[in-house]
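Here you get one chain, nothing else, as structure tokens; it is the form predicted on its own.
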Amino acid sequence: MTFKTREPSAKLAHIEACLNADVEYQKTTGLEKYDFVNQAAKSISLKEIDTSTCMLGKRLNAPLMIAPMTGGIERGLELNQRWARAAEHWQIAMSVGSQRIGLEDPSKAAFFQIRKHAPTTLIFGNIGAAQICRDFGIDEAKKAVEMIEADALFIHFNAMQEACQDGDVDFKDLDRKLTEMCSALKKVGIPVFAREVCFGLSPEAAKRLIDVGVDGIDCAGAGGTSWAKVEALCAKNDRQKKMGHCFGEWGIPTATSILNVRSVSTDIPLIATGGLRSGIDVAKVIALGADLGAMARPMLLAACTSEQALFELIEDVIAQLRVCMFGAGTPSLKDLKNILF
């Protein structure tokens, strides 16, 4: 299908910027501070390592997610379709990027529709907290889910990114509107996950999100792609560029962000994103308390190379996770919990 809609330059600029290594944090994820004990004499078989898990009632072959990145343009559709096919093949989770453009302009909704490429696996829709505070209500949230036949909805929190691009920065009514939305969507069976984009969550933020009624959290922390640095590369003027560079290292490292959420709740479903680059990183975030580990930029780089490269990346990450579990003497994901030193 060919779309004649003019592609917004900002969306394309974000994709191009994220292909540039200059968007990476110098700050680390904090995962390098932890390690597994090698278990050389464990009675265990690599062939019997079980990486499967469940999220929102769906079985996944691995605790891995293709993190939300883009959408609403032809290039975004092409990438999301490629990610969807990979997610379906490997039975892992995925999410589209912000659906704001598809909700504001229904003619662009088709650029998000990927369910036919991933008929059975777990898919998240995605809208912004900034838009909820401004003019998106319960109807828009439902439309976002219906647009892509999603299993759940991310509400992403990117206040620092918005500030760096002179975007939507009025969050005064956030608690009330989020409480109303979570309550209304719960009544119609739509799970809501709160999602940071890269700046991490404090214990106070995690508690506030849980108190308003979210069903899960993606605590995306610092250590991978910095969206402040992305905005610096995409800046429309010198002031925005300076602001993006100034706050390019802002954020709570991914490992700390996981622990912050778990200090507040030991059981809320938790996704960890931010600088994961291997199956060992996935194993570490699971061991620290996450239920899924998500990757963004590695999935983008692979998908922009070829579909085969994307499939090979995911295969490698899952294989690395299995070998890590084997070496640590943990036959299942539950055995990974709390064994790091």
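Quick note: we count residues from 1 along the sequence shown, nothing fancier. Because the structure is predicted, anything quoted here is derived from the model rather than measured.
Keep in mind that the form predicted together with a small molecule is missing from the display, and what follows is about it.
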Counting only non-hydrogen atoms, the one stretch of 285-293, 31-39, 298-306, 49-57 within 4.5 angstroms of the small molecule in the predicted complex is 298-306
Answer key: of N260, Q131, Q165, T225, within 4.5 Å of the small molecule in the predicted complex (heavy atoms) is T225
Note to self: Would you classify A67 as touching the small molecule in the predicted complex, given a 4.5 Å non-hydrogen atom cut-off?
What the structure shows: yes
Even though the small molecule is not shown here, does I15 get within 4.5 Å of it in the predicted complex, heavy atoms only? yes
Can you work out whether T256 and the small molecule are in contact in the predicted complex, taking contact to mean some heavy atom pair no more than 4.5 Å apart?
no
Practice item. Tell me, yes or no, whether N126 is in contact with the small molecule in the predicted complex, where a contact means a heavy atom of each within 4.5 Å. Key: yes
